[in-house]
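Before any questions on binding or motion, here is one chain by itself as structure tokens, the form predicted alone.
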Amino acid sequence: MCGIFAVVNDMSGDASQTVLTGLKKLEYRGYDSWGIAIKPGKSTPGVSLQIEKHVGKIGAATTNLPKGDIAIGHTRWATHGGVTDDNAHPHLDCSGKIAVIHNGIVENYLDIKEELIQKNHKFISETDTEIIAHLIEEKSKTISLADAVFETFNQLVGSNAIVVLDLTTETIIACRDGSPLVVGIDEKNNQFFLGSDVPAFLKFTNKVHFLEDGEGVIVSKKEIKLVMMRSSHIYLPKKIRWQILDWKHEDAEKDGYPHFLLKEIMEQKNTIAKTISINEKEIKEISNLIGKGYKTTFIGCGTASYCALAGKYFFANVGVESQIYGAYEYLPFSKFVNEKSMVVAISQSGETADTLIAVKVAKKKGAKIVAIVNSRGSTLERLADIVLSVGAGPEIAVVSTKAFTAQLSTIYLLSKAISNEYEKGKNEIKNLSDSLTNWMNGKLTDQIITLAKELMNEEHIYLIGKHLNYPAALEFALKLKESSYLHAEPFAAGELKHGVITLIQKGTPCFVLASNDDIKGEILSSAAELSARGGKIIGVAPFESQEFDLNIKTPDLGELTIFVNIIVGQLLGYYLGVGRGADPDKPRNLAKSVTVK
């Protein structure tokens, strides 16, 4: 979940500034603390690794580290050890010549630490990461540095990625198993980069290789060598297969918006429509498999799980039964998997630990794996038999918006392909995109801001929805919670009379998400029940009703009304967050990619 960035042959000669800038692009991966290690240039007297580490967000940070052309940096999401300067990365060995940054959890670190203490290694932090530096130091007494790094890495239990900077050889060595790591090359300027994600160095290059599990790289000032780690100290050279991403530097910039979250919400006018022009071959392949009797199960976590639930409704509407599980609760049900099972795994990052665990189990049992992802080169992509890459571009805000709706659009298109209405589905998505362009304007923004001001000091908000608007209510509520820290609790409308209605008092804000569908009357009856108990009813629907005290009117788009109803929640969450003093791009305690169990 942490952010890793490194540069070799920094063309500016000020690698610490380059790394600092790159880390700011990765702050969505963790913002408890940050740190940089650099080997100063040869003109610096008494050359040694120089380190700067600080608690807190990196957004406005500066550094006074000396100039140099090789450096590593890290932004932390704390797991082992509190949020302190000592626990911030990078971590040094006893000699001060080896610096390590790390993303993941070393599950056997206590055993290793105890052995190292017996060999007189001194520890400064409470982290699991520090043992890596000392273990490399210990092993490098008898074997080469590369052997020591790879042997150390293979000894670690858990999902991890490490980057090691060696003072003596001016080399960076990195390994990956379970946690994401990507290498980039700027051939024009002979610059080499490593990062947890591409936006860190997208300014310099889009030519990348996503490391696979068990791969390592040795980055010297002359070249990048890719190796496959086979055993404790055996590694085999491997040819790098570079790929050119269609991402642009400006995709990872705010482009005049005050926050990435607002920019990404507004980008949905275009990103949803993009799904029409991609994945057609793969969608039809999946449709054919379902037609041949493959049973579909959707899995995901958080926002992705709500996308999965909406997919279950889309499938039901075309007469196809499917199952849906939170990936973290999938294992007890994996016993029902066989060779005619299709597991559709949804993940923005493709690195979500619980989702990967579930996929690996299903794959081992013979299931066909479909990945619906946004980030490129992910572990989930490599595990999948069929990949639906939704093409929303870099999503920098921790709160997922455009990736979610692009995934939802892709599932909708799949459902229409199953019912032999793929072209109709494409036209409907195009109409949705056109409607967004007309609807997401200043008038809507003013309405949302006015509503946010009214709700600013509320402690509790309740939401109801029915059928497709039930997953819409779940996602709407999650956006409010993530962005503004306001307690928002969603329910299926039918649950009201089974206990939930006891929570409603005079003036309690109650959102009612609805569509012009055959259960419109039922949802309005539920709204009337809330109103009778004193609730303040806020309708989010393509119609007006006497049951609504306030109304945010959305376009009437049939099944696709779920999109616009959810976008209201995205915008409201954003403006509530700003008003309540939260950072909409970096909510407390959250990270973009949940790579730990």
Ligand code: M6R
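Quick caveat: nothing in here was measured; it's all calculated off a predicted structure. A residue's number is simply how far along the shown sequence it sits, counting from 1.
Just so it is clear, the following notes concern the form predicted together with the named molecule, a form of the same protein that is not shown.
Although the named molecule is omitted here, in the predicted complex all of S349, T352 and V399 have a heavy atom within 4.5 Å of it.
Contact with the named molecule in the predicted complex, defined as any heavy atom within 4.5 Å, is confined among 329-337, 436-444, 478-486, 71-79 to 478-486. Within 4.5 Å of any heavy atom of the named molecule in the predicted complex lies no heavy atom of L474. At the 4.5 Å threshold, heavy atoms of G377 stay clear of the named molecule in the predicted complex, well away from it. When the named molecule is considered in the predicted complex, G302 lines it closely, a heavy atom lying within 4.5 Å. Residue L590 is the only member of 573-590 with a non-hydrogen atom no more than 4.5 angstroms from the named molecule in the predicted complex.
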